[in-house]
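Form predicted alone, single chain, as structure tokens, below.
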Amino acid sequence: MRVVILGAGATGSLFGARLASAGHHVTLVGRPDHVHAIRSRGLRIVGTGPGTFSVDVAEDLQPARLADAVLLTVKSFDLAMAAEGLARSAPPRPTLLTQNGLGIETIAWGALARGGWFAPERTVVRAIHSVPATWVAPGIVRAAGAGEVVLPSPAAGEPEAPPVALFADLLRSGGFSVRTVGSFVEQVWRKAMVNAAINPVTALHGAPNGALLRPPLRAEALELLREAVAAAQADGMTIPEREAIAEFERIGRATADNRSSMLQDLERGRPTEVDALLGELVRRAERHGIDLPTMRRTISAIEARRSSSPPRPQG
């Protein structure tokens, strides 16, 4: 299958390497330094499942014209521009939207429609994932465990939508653990709650995910998690706090050596997804008259850290 991955950061590159190793023709669309390094030396994966992988690379969307499927793995703040550019560059085709977070699909559908895709929700599959990947340097990504990809399954008695089946088969061929669930909106909330606890704390303290399972960072993470549970319950999700804590611990153990995407962004001097994560939870809670003071303070701390800290070298 001809697969184009739009957004060749750590996660997109890891997806590309695994799919290429399964025999698919993969093209990564990314930043010039990453593209040039891969073109010269191949895509190197270190950590779990190491190796050097041969993939095509590009800095523009021309390869999407001939793709059988597209994976959108850009950051949330780049999603609207990337999706509209995709729609203007290629006809509608099966597209996997891999961003975690609340309301992401609405942003993508609107941008694709502006770019000329009619009814993009028919071809775009929303996914959430816990695949741990860390950017090391241009052309090099570290895999820090397995993780899983969660896709929506149809309601009882309904046939599975073709794009869902396509991406489930595609990702499984690359060795990814894929799970389909009927209560997909609830799973999106569960993922958002765990990310709200893990990403900001690891970013502020420069710690891997597993450090949050122990004092003193555990208490800080659980304070954020409890506010996220309050926002979810106010929004109609019946997710008990004990289940959210259990999921936080499970993800923390499974990705213990991973450096969260927010931490990586801070270290590279790049914008973070703190607004798409914590900011969205704060806004949703406010609509129900609920204040999330810890999240508001954490947003300010992340923004202050980014504005005052120079990028640190990666290694």
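When you see a residue number, it is the position in the sequence shown, counting from 1. It should be emphasised that the depicted structure is a prediction, and the values quoted were computed from it without experimental measurement.
There is another form of this protein, the form predicted together with ligand KPL, and it is not shown here; the text below is about that form.
For this session: Decide if the three candidate residues Leu225, Thr294 and Thr298 all line ligand KPL in the model of the complex, where lining means a heavy atom within 4.5 Å.
Result: Judged in the model of the complex, none of Leu225, Thr294 and Thr298 sits within 4.5 Å of ligand KPL.
Problem set entry | One residue of His205, Lys191, Arg114, Arg93 in contact with ligand KPL, assessed in the model of the complex (non-hydrogen atom, 4.5 angstroms) | Of His205, Lys191, Arg114, Arg93, the residue with a heavy atom within 4.5 Å of ligand KPL in the model of the complex is Lys191.
Exercise. So which of Ala87, Ile198, Ile140, Leu97 reaches within 4.5 angstroms of ligand KPL in the model of the complex, heavy atom to heavy atom?
Worked result: Result of the distance check: Ile198.
For this session: Please name which of the stretches 48-56, 35-43, 282-290, 256-264 has residues with heavy atoms lying within 4.5 Å of ligand KPL in the model of the complex.
Result: This holds for exactly one stretch, 256-264.
Exercise. Does Ser130 reach ligand KPL in the model of the complex if we count a contact as any heavy atom within 4.5 Å?
Worked result: Ser130: yes, in contact with ligand KPL in the model of the complex.
Problem set entry | in the model of the complex, Thr73 touching ligand KPL (heavy atom, 4.5 Å) | Answer no; every heavy atom of Thr73 is more than 4.5 Å from ligand KPL in the model of the complex.
For this session: Would you please decide whether Ala276 lies within 4.5 angstroms of ligand KPL in the model of the complex, comparing each non-hydrogen atom pair?
Result: No, Ala276 is distant from the partner.
Exercise. So, in the model of the complex, is Ala64 in contact with ligand KPL at a 4.5 angstroms heavy atom limit?
Worked result: So Ala64 does not count as contacting ligand KPL.
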